[in-house]
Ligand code: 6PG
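So this first bit is one chain, no partners, the form predicted on its own, shown in structure tokens.
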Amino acid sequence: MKTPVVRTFSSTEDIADHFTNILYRAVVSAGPYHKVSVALSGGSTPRAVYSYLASLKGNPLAWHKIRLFWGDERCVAPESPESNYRMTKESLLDHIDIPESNVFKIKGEREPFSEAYSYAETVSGLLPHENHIPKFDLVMLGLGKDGHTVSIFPDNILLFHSDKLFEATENPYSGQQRITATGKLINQAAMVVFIVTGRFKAGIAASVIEKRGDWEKYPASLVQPVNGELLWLLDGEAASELGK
């Protein structure tokens, strides 16, 4: 198991700039024939990252060489304000020159179990495999204040160990149905990047990163890439409890 790399930044914009550099290097190192496959996250911090990517001048990223997927989605129509796809579309996709054929959204309006199976088939058919498991080049993750990541919450942490690539689940607080990637897929990625901001995430970030307290109860603690890199990008507030 590789030791995670933790980097602290003074602002969300600096985090977004660093993430942009990671994506740029992935595209350059991929060569002329490989499309870089990225699993995106929902949430307010990723929105800021997407807006930053959309604001870049001179088209520094070769979007035609990037394929976008999602790590989880709420079971709502794509036009719903709660849709991760809609958030990404409005903050990023509408502002960049990416072929529609390179965007693979989870269809949250469909029956959840059927769509989880269908999306797993899509991912499996498009990504290269390692140890018979699809391999993302990059997976972006967020961290909930309860330690959840993607849509795997502490009360359904066993889903992380599912033999499936995607599962239908629900938010235990709202009862809202969701579709989520599992640990089988996440931990196969070449690189997994947690992006965490805000003082209210400081305690849980420190617990997961430094294995404190009840850290094993948090789904985020199970993110341990088999052969890939694990990187945490935090702002100063989210990192304020580290080392204490």
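None of these values were measured; they are calculated from a predicted model. Start at 1 and count along the sequence shown; that's the residue number.
Keep in mind that the form predicted together with the named molecule is not shown, yet the notes after this line are about it.
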{"property": "Region of this chain that lies against the named molecule in the predicted complex, out of 61-69, 41-49, 214-222, 24-32 [heavy atom, 4.5 Å]", "result": "41-49"}
{"property": "Partner contact for residue 144 in the predicted complex: the named molecule, 4.5 angstroms, heavy atom", "result": "yes"}
{"property": "The named molecule contact in the predicted complex: residue 86, any heavy atom under 4.5 Å", "result": "no"}
